[in-house]
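The data below hold one chain only, encoded as C-alpha cells and taken in the form predicted alone.
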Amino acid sequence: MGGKGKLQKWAEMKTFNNVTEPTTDEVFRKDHPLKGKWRTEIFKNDNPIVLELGCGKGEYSVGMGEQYPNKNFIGVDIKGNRIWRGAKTAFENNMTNVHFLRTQIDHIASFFAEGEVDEIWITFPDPQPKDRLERKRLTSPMFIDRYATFLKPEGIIHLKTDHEGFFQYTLDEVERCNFKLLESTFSLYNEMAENLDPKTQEILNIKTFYEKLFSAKGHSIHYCRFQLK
C-alpha cells in the first residue's frame, strides 16, 4: 500500500473531531446515544441532514459540504482507511458541516430518530448481483424499511450506479412499492445533464473514486431519485 498504512490512518483518524466510531455493542439491538441528537451535539445547528451511505472516501459528503454550507452531511462506511481520506480533507479545511460515521449500514436505524434525516445518497454501492444476496442490496425492502424510520416525509433518496441490473432492480422496487419516482436515467451524462438546473448538475458531477474508474472503462452511469411518501 502506497502512502500511509491502515493502522496509521486509523490512529490518525482518532485525532479528528469529525468521526464517530461506535463499537458493535453500542448499536446492536439498541439505540446509539447520538440518535435524535446530531443537530444539537455534532453540528450545533438546525440545518438539514444528508447521509451518504457507503461513502468510501467521502467524495460526495465533502463535495456537497463545500457547495451547501447550510446543510449537514454524514458519510457512512465501515472501511476506516477509506473514511480517513474524506475525514482528513474535511478536518484540515475546518468543514464543520461534514461528519463521518464508521459503522455497518445494517445498524443505520440505531443512529437516527424519526424525521431526523432529510436526504440519502447511495453512491456506487456493491450491487450484490446474486439473487441469494438480494436482501443485502442497499435499496432492498429490508434497507428501505430502515431508512423509512428516520427519513422525513417527502425526504429524497438518490442512487448513482454503473450496474444496470441493480439499477433496474431499484426502479422495479420503486414501482412495486408505489414510491414516487422523481428522476431516472440510464445514461446520466449523455441524455439528462443538459436538462438539469446548474446546481443539480454540479452535484451530479461530483465523482467518486469508483465513478471515475467505471467511467474510464466506458460504463454508463445510471441515476435516479425517489421519495418513499
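The structure displayed is predicted, hence computed values, not measured ones. So that there is no doubt, residue numbering starts at 1 and follows the sequence shown.
Keep in mind that the form predicted together with a small molecule is not shown, yet the notes after this line are about it.
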Partner-free chain; cross-checking the small molecule in the predicted complex, the single residue of D118, D126, E114, E134 with a heavy atom within 4.5 Å is D126
Stretch from 166-174, 179-187, 54-62, 34-42 whose residues place a heavy atom within 4.5 Å of the small molecule in the predicted complex = 54-62
Find out whether any non-hydrogen atom of I78 is located within 4.5 angstroms of the small molecule in the predicted complex, and reply yes or no.
-> yes
Is the gap between I144 and the small molecule in the predicted complex 4.5 Å or less for some heavy atom pair?
-> no
Heavy atom of R82 within 4.5 Å of the small molecule in the predicted complex | yes
4.5 Å heavy atom contact, T103 to the small molecule in the predicted complex | yes
